[in-house]
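Here's a solo chain for you in structure tokens, the form predicted on its own.
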């Protein structure tokens, strides 16, 4: 049997044209290449080890992930106030008992935990978490990260780093580089909540005020510039509400135009816009309480047109916005759609979105990111991606072959490398 990392030469007819792979060979080749390719996880909430305890990992963090907390309140009479009064381990025990013992874990989030336990050879139907807790307590973080990345089939992860997070910012001065983690300058507090956070920027030594004077904007640019030098981010990023508009008379629009995008141009990095969140529709359940709304994408159109020298990574939370995003990506080369974010990261929707993107954009997009908040989540999230995308890509190539263009193993290899590595590296201009 041919090794998975060896390109297969297509049969050649007497006139020298390639006959290509059969449909069965196509599916096999796609599956092999997806397994063999180390992906770049271009958006996570993970942290490199030198950022200390910010990084979440282990069974109790997996079980108390906010996706599962939302499910808990649908299946257990416990109130949010009662739940938040419990310790982390007690919370995990309640969720495990409710969602994994009393019910079959068939949802995407619960099934993901099962996949993680299985990947480590741990029991998936235990009555309690004793064995799993012993296993994770025995792990050394650096070695555990390497093992998790190997099981997930990723070579690198892109972090989310907030310079106004009082727990994170001080750690960067002594933070050691790590070849498996890239930084991202997250600026939600600057763009979305300047009135609440401008004093933190001032306290850090920058002469800013709440009102956006020319001097304040210049100082915000200096703040972002200093953090770019320190963090070396591969892009800047912000989550935005479904009401996001540009242009408009607002602090956010002014800050974006006069401070953020100029610094992105200065450092030649994209701006990542993650649009469509309706914050805290149910504040009682905290992180689990955010919702989704359909956005007016004329804001994205206006940004791409007004700032042709900026590049925009974009992920939209509403399913209803996905076709429009593809249309805009056809019109603006400085727009890169990426991932199936948050509520969209379910196989049925991933399939629909990925087929639509291939049909409209070819292979010029980034299919997925994990959005992982807990280290081990990358295992099941990328397993799901490979499993879901294999038949989609195979069907795409089989249809191409039916229409008269032979498909080779090299075609498949190049496309999968492009989708899961090359498009990100090229758009962010990362030197390999």
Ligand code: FIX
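Everything numeric in this text was worked out from a predicted model, so none of it was measured. Numbering follows the first chain given and starts at 1.
Note that the form predicted in complex with this ligand isn't included here; everything after this is about it.
Proximity of 39, 365 and 421 to this ligand in the predicted bound form is absent: no residue of the three has a non-hydrogen atom within 4.5 angstroms. In short, of 341-349, 305-313, 111-119, 248-256 it is 341-349 that has heavy atoms within 4.5 Å of this ligand in the predicted bound form.
None of 295, 216, 239, 175 but one reaches within 4.5 angstroms of this ligand in the predicted bound form through a heavy atom, and that residue is 239.
The contact residue chosen from 397, 380, 47, 67 relative to this ligand in the predicted bound form is 67, the criterion being a non-hydrogen atom within 4.5 angstroms. This ligand in the predicted bound form comes within 4.5 Å of a heavy atom belonging to residue 274. Residue 43 belongs to the set of residues with a heavy atom inside 4.5 Å of this ligand in the predicted bound form. Although the partner is absent here, residue 357 is not a contact residue: none of its heavy atoms lies within 4.5 angstroms of this ligand in the predicted bound form. Interface membership of residue 182, defined by any non-hydrogen atom within 4.5 Å of this ligand in the predicted bound form, is ruled out.
Contacts with this ligand in the predicted bound form, taken as any heavy atom within 4.5 Å, map within 365-379 to 371, 373.
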